[in-house]
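Shown next as structure tokens: one chain only, the form predicted on its own.
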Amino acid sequence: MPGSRLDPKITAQWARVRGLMRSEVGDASYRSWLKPLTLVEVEEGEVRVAVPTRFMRDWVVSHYGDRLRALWMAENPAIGNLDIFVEAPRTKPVVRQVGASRNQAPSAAALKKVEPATATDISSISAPLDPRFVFENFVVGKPNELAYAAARRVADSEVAPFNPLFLYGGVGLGKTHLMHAIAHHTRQKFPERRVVYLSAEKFMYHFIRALRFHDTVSFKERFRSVDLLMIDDVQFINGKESTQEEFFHTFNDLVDNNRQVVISADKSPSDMEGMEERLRSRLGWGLVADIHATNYELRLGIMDSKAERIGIEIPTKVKEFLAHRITSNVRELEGALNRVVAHATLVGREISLETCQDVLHDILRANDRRVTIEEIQKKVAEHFNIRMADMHSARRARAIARPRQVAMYLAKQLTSRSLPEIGRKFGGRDHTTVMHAVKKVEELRQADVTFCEDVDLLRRMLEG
């Protein structure tokens, strides 16, 4: 062991350096980053310290390297350099004995080498894949083109192109579709690869079960021997400290061995509350791809693709109507189309605008209530050719103030927000300013036909 060759004076100096670092960075950061450091040797004015992973080395060097060096030089003036290098921790052999209880000591003959997880082990932890979720069925548009291109690159590459690939976006925008598509494509192109896809909740379930049955070795064997690990909805382990700890080490082990990791969540790594700093940093280390809310063109393309797959002719006006009205997410849009088609097929009615409005009245009402102040501001700014920033600015020129008043008026008409809430969204204005804007717009609508038509057009665009 390297530690046995160290001079007791050097060992004492190292203990003081660690103690000072602990008092400076706090217990949490110390446990995460500095406690795993191992002093290997001090020779010819150089201190050599080992860390278990490349990521930990990079983090310690960039965040604590200079301070560690300074503290060493203060303890021992002969020290001139600090070398932090990667040395994988020595693993103990797995001890197993057939027929032995968990608490029974094994015999020497029962010792056996740790073996990688078998195909059966892998299939037992991987969730089933939806056969519909392939790249060929994914409709690409501006809001999702980066995420799609990154997913294709991961699925096609011999080696991990960026690790991890982190996909994030709102509910029903295509994160799970892309992850299933990566798994399908990888299994087809590289059949020898061990691919695991599961939700963060399932990962946590397997980990807790391993703890309960004292079988963490098998858990590590399974998850650290895969070639492609995909964890969906990683936000569900927020606040679960022990699960995050195991996930962090599994993650590092895979990345350090050049095995691909793909993660999805509803927020970017930096915005995930309840997640440890070191894990947030690690999740953002590769490529972070945002899947934005769908635009009108993408929603129209999704419905064209859906209609083609199910072999049903959908009138253009119906598709345009649904693309305008159902803007929340792709899942709801496809569900609405399924309802319309099912109704027409079962009842024998023609698919029309009237049918859509009858069948989808609940969904349409719900989407009517989802108009946001930000959407109103954006649409009004585009209509009057002003900047979005002008909605929040203090400028009082009529060319700016009038559109701002229209946006306040529409916010009052189309949302359930209170006057003070609306005022805050417009640069922190008082509720009396919003009241004045509503009154002014109502007066102008009565006096100016063109202005009234402009406001009505904006309202129809926002509602439909």
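In this text, all values refer to a predicted model and were calculated from it rather than measured experimentally. A residue's number is simply how far along the shown sequence it sits, counting from 1.
We do not show the form predicted in complex with ligand ADP, though everything after this point is about it.
In the predicted complex, none of the heavy atoms of Phe236 sits within 4.5 Å of a heavy atom of ligand ADP. By the criterion of a heavy atom within 4.5 Å, Asn144 is counted among the residues contacting ligand ADP in the predicted complex.
Proximity of Gly172 to ligand ADP in the predicted complex: non-hydrogen atoms within 4.5 Å are present.
Residue contact check for Arg152: none of its heavy atoms lie within 4.5 Å of ligand ADP in the predicted complex. The partner is absent here, but in the predicted complex a heavy atom of Phe133, alone among Phe321, Phe133, Trp72, Phe219, sits within 4.5 Å of ligand ADP. A heavy atom within 4.5 Å of ligand ADP in the predicted complex is found for one listed residue only; from Asp358, Asp290, Asp83, Glu334, this is Glu334. Every residue of the trio Phe138, Thr176 and Val330 has some heavy atom no more than 4.5 Å from ligand ADP in the predicted complex. Contact annotation: ligand ADP lies within 4.5 Å of heavy atoms from the stretch 176-184 in the predicted complex, the single such stretch among 242-250, 381-389, 340-348, 176-184. Shown here without ligand ADP, the chain has no residue in 419-454 lying with a heavy atom within 4.5 Å of that partner in the predicted complex.
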